[in-house]
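Have a look below at one chain only, the form predicted on its own, in structure tokens format.
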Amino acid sequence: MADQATRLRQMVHSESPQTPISSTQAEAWANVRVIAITSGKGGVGKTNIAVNLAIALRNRGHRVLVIDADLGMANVDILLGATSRKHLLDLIRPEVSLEDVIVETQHGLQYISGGSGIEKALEYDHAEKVLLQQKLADCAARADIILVDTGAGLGRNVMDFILAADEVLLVTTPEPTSLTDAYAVMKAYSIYASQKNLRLIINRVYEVKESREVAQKLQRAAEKFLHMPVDCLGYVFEDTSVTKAVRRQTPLLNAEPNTAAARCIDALAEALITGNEMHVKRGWKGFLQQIFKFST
């Protein structure tokens, strides 16, 4: 696992004679925040959070690029109601440029679909990796923050992306199976990550107290058994508006920005930028939404 991560970092960051990097480009690379958003199991709302977090960051004036690295699932496409004609690995074809694979959506969000077969990237020869690196380098000129939406679980490629990122956001829900799988990700990360920077997002909670209790369970386990401190970035309330937005293939922050879940994700973006603790109350509207299961 460590060798795979090392190869991936070299592919992204190495400065070989065949890939000269200007001082301007090097500075741009250094200033971009690369954040991997992951989960221990599927179905916890990871991609939904990634897409809406990107919109919240963009609304704050940041240039954000989302890379859909959830192999073959194209969930970002679905949530945005968009279609990708070319994918990340099409960049190894000489005639394909970065502009060809970046999708500009009607929601003002730019993203790159990983498509299927990303696992083949580690099997490419040196020339193909150099070409891929050269083209991806220009992402730094288009974004201040790059969000990488990984697949769920502990697959080789999921861990490769997690270990290569500067920051990791681990999404979980209060369900026991979700917590167990989240801990498994934390354990693998604690073993293989050279620089540890992992934070929790507790999704689908009914109250702030519940999110704190869930976070504390994982934090205590990480401290006791993994000897790794883990912070909690924040939480997202259970909200029926999320499902409605998915069905409409419209990001929640654009469809219903005043709902409880949308306000939480907006607060997560603020916490991500400022480092301050997030504070969001469900409010009366959120209470009614949850009790009566419809949007008021």
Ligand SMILES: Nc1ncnc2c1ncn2[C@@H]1O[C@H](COP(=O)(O)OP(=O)(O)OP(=O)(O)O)[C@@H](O)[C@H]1O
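All residue numbers refer to positions in the sequence shown, first residue = 1. Every value quoted in this text rests on a predicted model; they were computed, and no experiment measured them.
A second form of this protein, the form predicted together with the ligand, is not displayed here; the remarks below concern that form.
Proximity to the ligand in the model of the complex, taken as heavy atoms within 4.5 Å, picks out 241-249 from the listed stretches 241-249, 267-275, 57-65, 224-232. Contact annotation for Thr172: none of its heavy atoms lies within 4.5 Å of the ligand in the model of the complex. In the model of the complex, the ligand sits beyond 4.5 Å of every heavy atom of Ser113. At least one heavy atom of Ala152 is located within 4.5 Å of the ligand in the model of the complex. When the ligand is considered in the model of the complex, Asn48 lines it closely, a heavy atom lying within 4.5 Å. Contact annotation: of the candidates Arg204, Lys129, Arg199, His107, the single residue with a non-hydrogen atom within 4.5 angstroms of the ligand in the model of the complex is Arg204. For the options Val44, Ala69, Leu53, Ala36, the one in contact with the ligand in the model of the complex, meaning a heavy atom within 4.5 Å, is Val44.
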